[in-house]
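Single chain ahead, written as structure tokens, the form predicted on its own.
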Amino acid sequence: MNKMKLVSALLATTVLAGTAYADATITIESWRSEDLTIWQDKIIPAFEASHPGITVKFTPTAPGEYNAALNSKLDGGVAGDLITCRPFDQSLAVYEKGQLANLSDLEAMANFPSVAKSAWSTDDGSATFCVPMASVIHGFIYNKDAFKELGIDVPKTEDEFFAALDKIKADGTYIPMAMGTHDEWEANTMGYYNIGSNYWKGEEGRLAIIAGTQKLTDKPWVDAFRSLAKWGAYLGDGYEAQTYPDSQNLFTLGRAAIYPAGSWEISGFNAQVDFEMGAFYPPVPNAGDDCYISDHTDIGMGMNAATKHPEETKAFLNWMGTAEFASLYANALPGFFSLSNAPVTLEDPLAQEFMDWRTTCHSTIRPTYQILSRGTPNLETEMGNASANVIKGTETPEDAAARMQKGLASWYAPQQN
């Protein structure tokens, strides 16, 4: 091919690429149905403004239906181009089926620390398949008006925490704490995982269970259950039948003083409450102890390996690694904290309270999410059931821990020695 023909071929390729780029519509699969207007009104317009020609559609599925619906769409070849990723094993399984693309070489990946990428990487770290978006932090949201009215200070230790609950209960104006056990995931996510990291010392204990050097029957894991077992006395009448939306309503209507929380609640609560809210991290077992928080890698974004628009999809994923996206997302969805290296200033004071704990406490993630829920019985499911039982008093902390340990050891080799 002579020089003139080569130039002509390159120009033709450029024109074709530009045409394909200009006509592309890419869709996002997500479980965050409550975020639809934020994506439509804020995030997508910002991307489209800097990437003329690419149209983005956000097409969420109800959270409880997302996993099954996504798997069905991927298997049927009708899934969207961009796949919102849950952390660790659920997305890893999708990648291992060849349905998520390897994004290790994506330019945006350089803007995220290894700990953020670990939630969407293979066990050996050789491939990363989702761009990290955000983490959520666990703690307690409280009604500042109620605390002021009853003369309660923010508790720093568990003794102070239970003394505050006793005072609220004795007064009778408020339910001390809004949480139910009907939806068992609530009991371990906002209960056991929330307070437990103070006992098993965050990453130290979590990694020890994975390595097999600690067992779920060891003192830290049982002691966390013993603390959780005290909660039942403060959750109000009928908490056994109380659903997650029931708990949210009790707090936002001002009927409960404390809400065991994930930071993802902030946006919804801001829109619903007519009182001032504050937050405190899980009180430590003893004065002077280091504090630990569940700062959980929660949400990422991957590329459907079968997308018909790989370049446009990669353009969106690379944009997600920018400071513009980090600031836009964190402030559009207060309580979802950026995982990128870009500095972000938060406009929401309650979200800032949560994020400030990163400078005070050690961060960890939910202990069952990496590796430990791959077998049967599923440890995540078992912990939800055990946490609910312990709160209700239908299973002792010791029996719950023994049952979980037996189940884990039945299929997980490092726990069989």
Partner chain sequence: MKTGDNKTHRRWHIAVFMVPALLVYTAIMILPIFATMQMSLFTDIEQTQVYVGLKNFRTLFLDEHWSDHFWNALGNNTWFFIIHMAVQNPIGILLAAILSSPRLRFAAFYRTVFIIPAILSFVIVGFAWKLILSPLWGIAPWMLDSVGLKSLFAPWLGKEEYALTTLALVSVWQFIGIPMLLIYAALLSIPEEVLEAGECDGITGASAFWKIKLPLILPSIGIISILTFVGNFNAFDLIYAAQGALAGPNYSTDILGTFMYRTFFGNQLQLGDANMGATIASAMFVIILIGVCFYLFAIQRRLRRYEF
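All values reported here derive from a predicted model rather than from experimental measurement. Positions refer to the first chain, counted from 1. Between two forms, the rigid core is the largest collection of C-alphas that superpose within 1.5 Å.
Not on display, but discussed next: the form predicted in complex with the partner chain.
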* Please name which of the stretches 230 to 238, 215 to 223, 310 to 318, 271 to 279 has residues with heavy atoms lying within 4.5 Å of the partner chain in the model of the complex. => 230 to 238
* Closest heavy atom of D246 to the partner chain in the model of the complex, within 4.5 Å or not? -> yes
* Answer yes if any heavy atom of G407 is within 4.5 Å of a heavy atom of the partner chain in the model of the complex; otherwise answer no. => yes
* To do: Evaluate H182 for contact with the partner chain in the model of the complex, applying a 4.5 angstroms cut-off between non-hydrogen atoms, and reply yes or no.
  => yes
* R255 near the partner chain in the model of the complex, any heavy atom under 4.5 Å? -> yes
* **Listed residue (S30, N385, S363, T27) with a non-hydrogen atom within 4.5 angstroms of the partner chain in the model of the complex** => N385
* Structure fact -> Picking from Q40, T55, N378, Q352, the single residue whose non-hydrogen atoms come within 4.5 angstroms of the partner chain in the model of the complex is N378
* For the stretch 86 to 103, which residues lie within 4.5 Å of the partner chain in the model of the complex by non-hydrogen atom distance? -> Q90, K97
* Asked: By the 2 angstroms cut-off, has the C-alpha of T213 moved between the shown form and the other one once the rigid core is superposed?
  -> no
* **Core-aligned C-alpha movement of D274 between the shown form and the other one, 2 Å or more** => no
* **Rigid core superposed: E347 CA moves 2 Å or more between the shown form and the other one** => no
